[in-house]
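A single chain comes next, written as structure tokens; it is the form predicted on its own.
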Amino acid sequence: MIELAVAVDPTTFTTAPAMTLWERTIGPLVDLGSDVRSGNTVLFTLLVQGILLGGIYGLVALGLTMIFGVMDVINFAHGAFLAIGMYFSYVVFTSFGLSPLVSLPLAFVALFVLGMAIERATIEPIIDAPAQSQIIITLGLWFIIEALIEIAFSPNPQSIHGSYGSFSIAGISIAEGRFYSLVVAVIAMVATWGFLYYTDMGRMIRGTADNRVGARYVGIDVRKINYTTFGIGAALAGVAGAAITMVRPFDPYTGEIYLINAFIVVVLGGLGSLPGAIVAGLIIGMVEVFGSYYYPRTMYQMLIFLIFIATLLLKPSGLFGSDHHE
């Protein structure tokens, strides 16, 4: 969220007249149009901030959409995996003084192993059960992991991002943490795409996503694909969590905030679509940044949900989704 500091002279304070519905809803759009016509430089700053934030949303959604695309499992524990990634980087930073950029590969490996173990213990036994069983299991995992983190670290916010400064490009100030997190997101997305399209395991994962029954007939070990995919999804969440520590303070519940928008990104981009997760992440990042600048308080979240609802009404399969998901 973009926060604006406005200096107010208390000697000139007067009660502001109540804003009309027009001023609250259409007025900010008129202001945006005026800024576009005048070439206001603040638009470039907002554009850069939107790209930086959108990269994080895309990375958070990447693991979520991959698990659904291959396993048809809606993983509500994804936010908890984000939190594990955050606290993993926090422990490495406070214990060894290592930057989250250094702990990112460690977080990926740790969450990959943890994700595979959790899938084998909890998801695999009910993989063919009704969807509500999967929802209950992943919700339970979410609450358990969140409670364990709270017990271990307390509910108080922790911070690493303050150790990063900022730099300027073409007069636009960019926080180092946000820039590094975008670089991490791009690398993770490209690496995931390369893995899926240029490795044997990646091809088997895509084949299983296209047709699970057919994958069994041609000899693909679908159980192995399941726990590998879940492990990769958890690992991507861990990397996203480590990247978020460079951007903002965090607590055991921070994953919930990103999870809500990540679900919107997944649906907007198309369930199971990796390009869709990237493009939709950028869209949601832009809406949040521009919305929080032009609209009061948290009305940007209302805009995000309006886009979400409009997508469901006009194109239920999402921007890049298939109309027929197996």
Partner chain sequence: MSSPLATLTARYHGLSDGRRGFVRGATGMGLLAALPVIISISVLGVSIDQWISMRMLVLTVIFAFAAQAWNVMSGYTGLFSFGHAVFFGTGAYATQLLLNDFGINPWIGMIVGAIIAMGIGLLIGWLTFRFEVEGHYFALTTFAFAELARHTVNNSPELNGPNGYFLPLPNEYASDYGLLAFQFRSDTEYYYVALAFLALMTLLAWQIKRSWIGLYMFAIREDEQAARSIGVPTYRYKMLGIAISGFFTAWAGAFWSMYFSSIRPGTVFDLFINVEVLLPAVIGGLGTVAGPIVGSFLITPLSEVLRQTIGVPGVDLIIYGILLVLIPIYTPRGIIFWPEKIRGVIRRRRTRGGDTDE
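Computed from a predicted structure; not experimentally measured. Residue numbers count along the first chain shown, from 1.
One more form of this protein exists, namely the form predicted in complex with its partner chain; it is left out here, but the text below deals with it.
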* Would its partner chain in the predicted complex be within 4.5 angstroms of a non-hydrogen atom of every residue among Val186, Met189 and Gly291? -> no
* Structure fact -> Exactly one of Ser159, Ser99, Asn211, Ser133 comes within 4.5 Å of its partner chain in the predicted complex through a heavy atom, and that residue is Ser133
* Asked: Ok, Met201, Ala147, Ala117, Ile174: which has a heavy atom sitting within 4.5 Å of its partner chain in the predicted complex?
  -> Ala147
* Have a look at 213-221, 148-156, 229-237, 89-97 and name the one stretch with heavy atoms inside 4.5 Å of its partner chain in the predicted complex. => 148-156
* Asked: If you check in the predicted complex, is Thr298 within 4.5 Å of its partner chain, heavy atoms only?
  -> yes
* Can any non-hydrogen atom of Phe143 be found within 4.5 angstroms of its partner chain in the predicted complex? -> yes
* Asked: Can Ala110 be called a contact residue for its partner chain in the predicted complex at 4.5 Å between heavy atoms?
  -> no
* Should Leu106 be counted as a contact of its partner chain in the predicted complex, where contact means heavy atoms within 4.5 Å? -> no
* Hey, which residues along 298-314 are within 4.5 angstroms of its partner chain in the predicted complex, non-hydrogen atoms only? -> Thr298, Met299, Gln301, Met302, Phe305, Leu306, Phe308, Ile309, Leu312, Leu313, Leu314
